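Taking the form predicted on its own, here's one chain by itself in structure tokens.
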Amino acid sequence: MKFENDNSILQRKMSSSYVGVSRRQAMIKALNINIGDIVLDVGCGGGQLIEDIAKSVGRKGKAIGVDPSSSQISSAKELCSGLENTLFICCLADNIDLESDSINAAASIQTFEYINDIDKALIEIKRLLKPRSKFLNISTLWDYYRFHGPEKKLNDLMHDVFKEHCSHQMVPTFLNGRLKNLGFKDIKTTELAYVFTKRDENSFAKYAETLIANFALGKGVDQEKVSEWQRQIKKAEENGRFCFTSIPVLTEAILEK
């Protein structure tokens, strides 16, 4: 999935929701940033995490955001325009124009599932990290990113189509092994589970519904089926049998060099 134009706007709305804010809070806490640190955000999107990092590292530190989307980089620059300790680079995660051993920590929120060659990206991050530096990643277990309430056959169709939106459905199930093979130590995971039984126009569940519906339409699913799926979600909510679940996982590791 490319986060350009309407998708980038939707992504920024989701990042500003309760789920987005709480994920960033978990990331900032786990980073345990020191004044003067240089921290990289891989897949910075609209720059919300970069803003938090920049305020944490102070004037002597730096928050660096990389993203392959030029529109996302532009939005991130605008968001952080009042901060002098930020740097943004429009590039892929496996080819970042920074010096080796130059950063104190690398963070990523829901990015690695969209990277085709995860190993190449991890090798690049390893190159950039100083000895005893941190790598932190939050990725969603997409098999559990699901609406409950619509009729099973139609609901399965919508979710099966949506599986095509990213390269890797279950990054947390294999990331630990990849990190261990690259020399990372002290690897641990923490689940960040979210359950919604109601929606409103500004809720993460509503944004997720729009994301899946738009993606299905783009993949050729009939408008009638998509509209019926959304109607059934609304009906299930009215009848008190609606639920939306999402399980992101925070992975933390220390690099030994």
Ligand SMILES: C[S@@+](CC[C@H](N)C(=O)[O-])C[C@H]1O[C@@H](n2cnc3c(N)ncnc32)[C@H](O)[C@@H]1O
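The numbering used is simple: start at 1 and walk along the sequence shown. Just so you know, these numbers come straight off a predicted model, no measurement behind them.
Omitted here: the form predicted in complex with this ligand. The next part is about that form.
- Only one of Val171, Ala106, Ala76, Ile109 comes within 4.5 Å of this ligand in the predicted complex through a heavy atom, and that residue is Ile109.
- Proximity to this ligand in the predicted complex, taken as a non-hydrogen atom within 4.5 angstroms, holds for one residue of Leu179, Ala93, Met158, Leu141, which is Ala93.
- Though the partner is left out of this view, Gly45 does reach within 4.5 Å of this ligand in the predicted complex, counting heavy atoms only.
- Taking the partner from the other structure, this ligand in the predicted complex has a heavy atom within 4.5 Å of a heavy atom of Gln72.
- Contact annotation for Pro68: at least one heavy atom lies within 4.5 Å of this ligand in the predicted complex.
- Mapping the unseen interface onto this chain, Ser246 falls outside it, with no heavy atom inside 4.5 Å of this ligand in the predicted complex.
- Figure note: of the listed segments 181-189, 80-88, 113-121, 149-157, the one touching this ligand in the predicted complex, with heavy atoms no more than 4.5 Å away, is 113-121.
- Shown here without this ligand, the chain has Ser15, Arg23 in 12-32 lying with a heavy atom within 4.5 Å of that partner in the predicted complex.
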